[in-house]
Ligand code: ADP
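For reference, the chain that follows is the form predicted alone, supplied as structure tokens.
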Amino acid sequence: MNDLIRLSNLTVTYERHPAVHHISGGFAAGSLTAIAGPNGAGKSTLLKAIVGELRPAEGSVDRGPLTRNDFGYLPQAADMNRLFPISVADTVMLGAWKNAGAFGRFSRKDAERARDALGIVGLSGFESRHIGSLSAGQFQRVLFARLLLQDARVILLDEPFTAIDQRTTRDLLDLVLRWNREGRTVIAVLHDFEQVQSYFPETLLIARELVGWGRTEDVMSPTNLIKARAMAESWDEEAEACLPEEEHDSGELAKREPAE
């Protein structure tokens, strides 16, 4: 398989300090990849760089023919505002925004697809519920239903199974495997190494820097896990990024704003 997304010497920084440092490699089309590593390893930062929410300080993310519409991105639950007064049905319908037209109007077909998506994630009959009334697991099912409606070629998931019950986790993992069987490229940030080893054939293991990238059974070796933990523990938060020589000469800061 050819690489659909290619990272070349990718460094992402905050105020000169590298959050992700010199990562190179590729995600093959139709691959199912976990991004794993210790807490604070830069996993979520890397995912945001892949989708285009953060610009590289150095290196690049080559998305080839992909456009922003080809990506379905689910951020961490902590980044979601569940106090906004919106129903379950309307939340799911947001996944069909590409079909809404100039005036933001959804079709009857979109509404039918939203109901079908809620059925797939086990929430038939929840259409009128306010999202603030849902449990953590129910809300995550709603967000996966929205991804179903989005029908993206590339699906990016940031800690999608954190703080939800085992049954919901199992059901949503089944949906991830379904997406993979359909030929979609799925990349998920995970902290549960057992999930990584059981469900994801490819793994990118990082601790700010690349530890390993390839077959999960090779990458998630005891040696690599010990190495990743040691790298995370020894990381200097005040270290400066390795900038191109001309930036050092000019004194330009390495800070980059999120991509529009």
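In this text the structure is predicted, and so the values were computed from the model without any measurement. Position 1 is the first residue in the sequence shown; the rest follow in order.
If you look for the form predicted in complex with the ligand, you will not find it shown, but the lines that follow are about it.
**Q** The chain here is shown without the ligand. Which stretch in 209-217, 224-232, 36-44, 195-203 comes within 4.5 angstroms of it in the predicted bound form, by heavy atom distance?
**A** Partner-contacting stretch among the options: 36-44.
**Q** Whether residue 23 contacts the ligand in the predicted bound form should be assessed with a 4.5 Å heavy atom distance threshold; does it?
**A** Flag for residue 23 set to no.
**Q** Give a yes/no on whether residue 10 approaches the ligand to within 4.5 Å in the predicted bound form, heavy atoms considered.
**A** It does not: once the ligand is placed as it appears in the predicted bound form, residue 10 has no heavy atom within 4.5 Å of it.
**Q** Counting only non-hydrogen atoms and a 4.5 Å cut-off, give the residues of 2-25 close to the ligand in the predicted bound form.
**A** Heavy-atom contacts within 4.5 Å come from 14, 19.
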